[in-house]
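Only one chain comes next, encoded as structure tokens, the form predicted on its own.
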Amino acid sequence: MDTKRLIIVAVGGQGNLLASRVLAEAALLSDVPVRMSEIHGMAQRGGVVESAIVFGDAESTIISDGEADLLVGFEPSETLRAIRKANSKTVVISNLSPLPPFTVAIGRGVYPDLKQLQELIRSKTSKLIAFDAVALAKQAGNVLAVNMVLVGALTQTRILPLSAESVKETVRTKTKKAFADINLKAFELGFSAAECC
């Protein structure tokens, strides 16, 4: 089995860790070897959260610069910040709804222009799938379902050795029952959005 390396970056509170666990559980359900590590940083204060997930036979979860097959960004500027992990063959999926950091809110920083951000990512990678995942999460019934929207988009690329059915089964059984239907709808909306991009 080919090894596939995935980096997921988000801001604390966006559900990166749940998304990572869903993908890892789906891999286990599918008998796919998987290793995962997380960097929490200042997550509780809106800081970056990064997950590295390696599918297939690998001895380490370390994904060095230029090694990611897939990069998923829950926040546009965090996607850009993690672009060093990508290479010219990497597929990038990014939410386009910004969560500007505190420095921008107080006027001490400038948020990157979204059009330029996308052009820069496209120039360095194989493909960029970018859309407003927050709008789709709201459409699914809960803004906090952004993570499942992006898991759906990621699954649609078919780069990971996971079927949509195994991921949906994991969403159904490993997320809170009260949110299972919303999460599944969010997954489907993200899956469809990635087909169009």
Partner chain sequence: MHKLLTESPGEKMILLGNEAIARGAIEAGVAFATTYPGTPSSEISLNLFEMSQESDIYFEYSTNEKVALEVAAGAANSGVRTLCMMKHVGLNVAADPLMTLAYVGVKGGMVILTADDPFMFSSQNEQDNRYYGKLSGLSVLEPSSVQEAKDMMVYAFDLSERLQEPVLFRTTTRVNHSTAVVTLGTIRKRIIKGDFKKDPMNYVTVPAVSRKLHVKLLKNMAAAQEIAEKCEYNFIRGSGAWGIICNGVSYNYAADAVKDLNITDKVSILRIGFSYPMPKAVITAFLKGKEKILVIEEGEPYMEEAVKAFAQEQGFTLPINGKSNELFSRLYEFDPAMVRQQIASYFAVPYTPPLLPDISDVPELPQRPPNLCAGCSHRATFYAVKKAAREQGTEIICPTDIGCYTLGFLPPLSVGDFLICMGSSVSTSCGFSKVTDKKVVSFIGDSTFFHSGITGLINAVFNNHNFTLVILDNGTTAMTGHQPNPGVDMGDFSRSGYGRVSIEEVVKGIGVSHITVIKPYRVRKSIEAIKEALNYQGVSVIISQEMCTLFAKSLKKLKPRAFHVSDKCKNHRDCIKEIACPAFYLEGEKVKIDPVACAGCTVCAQICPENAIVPLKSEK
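Rigid core here is just the name for the largest C-alpha set that superposes within 1.5 Å across the two forms. Predicted, not measured: the structure shown is a model, and the values here were computed from it. Residue numbers count along the first chain shown, from 1.
The following text describes the form predicted in complex with its partner chain, which does not appear among the structures shown.
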query	finding
Options 145-153, 129-137, 161-169, 54-62; stretch whose heavy atom lies within 4.5 Å of its partner chain in the model of the complex	54-62
182, 192 and 197 all contacting its partner chain in the model of the complex, non-hydrogen atom within 4.5 Å	no
In the model of the complex, residue 91 touching its partner chain (heavy atom, 4.5 Å)	no
Exercise: residue 25 in contact with its partner chain in the model of the complex, heavy atom 4.5 Å	yes
Contact of residue 108 with its partner chain in the model of the complex (heavy atom, 4.5 Å)	yes
Its partner chain contact at residue 11 in the model of the complex, heavy atom, 4.5 Å	yes
Residues from 83-108 in contact with its partner chain (non-hydrogen atom within 4.5 Å) in the model of the complex	83, 84, 86, 87, 99, 100, 101, 102, 103, 104, 105, 106, 108
Exceeds or equals 2 Å, Cα of residue 108 between the shown form and the other one, core fit	yes
